[in-house]
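Presented below, as structure tokens, is a lone chain in the form predicted alone.
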């Protein structure tokens, strides 16, 4: 056995245990606001890491994650709401059978959300991957809008523009961070596999990849379907965190936020997607103080609502100017690098 592989496996387990210990401490001693921010970070990690698989690793400019998140959110919510709760929510048209009488445990609803979103991604892939480049972006953007419009007009399934309310708040730090860890692990393993190598080859030169025998169509389908699966789970977690959803929540603005995250972190880097999700979610909240009046002693600055987004946008522009390929570029976190910096490499061999 490779000693470096054994060491990396041990450090990965220890790192996971450290994250879980921090989750336990945050859940026990954190405020409700802090716990909400940590849940948001974990959900955006799931969405960003899975979105990076198709956009960053495979190089396919998809603009459809809002469709998968919406489908996952509605699927999970409809499966966890009780028949009585659905009867109260659907006041214009009753919920269709069998959704009107089905109630499942939270974990079952999340898996179903992922599977339904993956099925949509698989079905979308047939027409989508007959195009390339900007045309692919336009087609996926159109599919995202189609899903939102359907959700806005199917009264008997999604309750239309009224949305779904009274969703149980099942999402906890254990659920969100547990799925975040699983998503990072599985996506990272996929990227390091032969399938991941083929996806990277497609990104850099699709014609050359086809020339050496790579079935580019089905590798893109694999990346797109896998991405849709995890985005559906992320949507289910989001719905059971905010406890109310409507079609206005799943506009292109959600896709735009995820695009900012993966570009800021570095296209093709899973580590970058994690860092980008953390900085985007936590940074946006940390800057809230600039919206409030500030007394500097020699002068008082009045509060300007929305100023935090202006500053946040300037920070993003600064990053794009001085780190055009993102914070991590295409690099990944390495235990060997960390051990070398801490000077403990020899002791772990």
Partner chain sequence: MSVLSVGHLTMKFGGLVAVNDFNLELEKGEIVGLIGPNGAGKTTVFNMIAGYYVPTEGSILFQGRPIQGRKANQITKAGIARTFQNIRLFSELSVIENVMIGFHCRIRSTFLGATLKLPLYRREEKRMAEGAMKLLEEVDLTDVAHEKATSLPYGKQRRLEIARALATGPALLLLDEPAAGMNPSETQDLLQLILRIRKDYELTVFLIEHDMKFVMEICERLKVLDYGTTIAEGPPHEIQNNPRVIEAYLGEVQRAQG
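Residue numbers count along the first chain shown, from 1. None of these values were measured; they are calculated from a predicted model.
The same protein also exists as the form predicted together with the partner chain; that form is not shown, yet it is the one meant from here on.
Colleague: So if I measure heavy atom distances to the partner chain in the model of the complex, which of the stretches 111 to 119, 76 to 84, 182 to 190, 96 to 104 falls within 4.5 Å?
Modeller: Checking each option against the 4.5 Å cut-off leaves 182 to 190.
Colleague: Residues 12, 19 and 35 are flagged as a possible site; in the model of the complex, is every one of them within 4.5 Å of the partner chain by some non-hydrogen atom?
Modeller: Contact check failed for every one of 12, 19 and 35.
Colleague: Although the partner isn't part of this model, could you tell me whether residue 195 comes within 4.5 Å of the partner chain in the model of the complex, counting any heavy atom of the residue?
Modeller: Judged by the heavy-atom cut-off of 4.5 Å, residue 195 is in contact with the partner chain in the model of the complex.
Colleague: Would you classify residue 260 as touching the partner chain in the model of the complex, given a 4.5 Å non-hydrogen atom cut-off?
Modeller: The answer is no: residue 260 has no heavy atom within 4.5 Å of the partner chain.
Colleague: Just to confirm, residue 138 within 4.5 Å of the partner chain in the model of the complex by heavy atoms?
Modeller: So residue 138 does not count as contacting the partner chain.
Colleague: Should residue 204 be counted as a contact of the partner chain in the model of the complex, where contact means heavy atoms within 4.5 Å?
Modeller: So residue 204 counts as contacting the partner chain.
Colleague: Using a 4.5 Å heavy atom cut-off, which residue among 279, 267, 254, 214 comes into contact with the partner chain in the model of the complex?
Modeller: Contact check passes for 214.
Colleague: Sort through 89, 152, 271, 226 and report the residue having a heavy atom within 4.5 Å of the partner chain in the model of the complex.
Modeller: For this set of options, the contacting one is 226.
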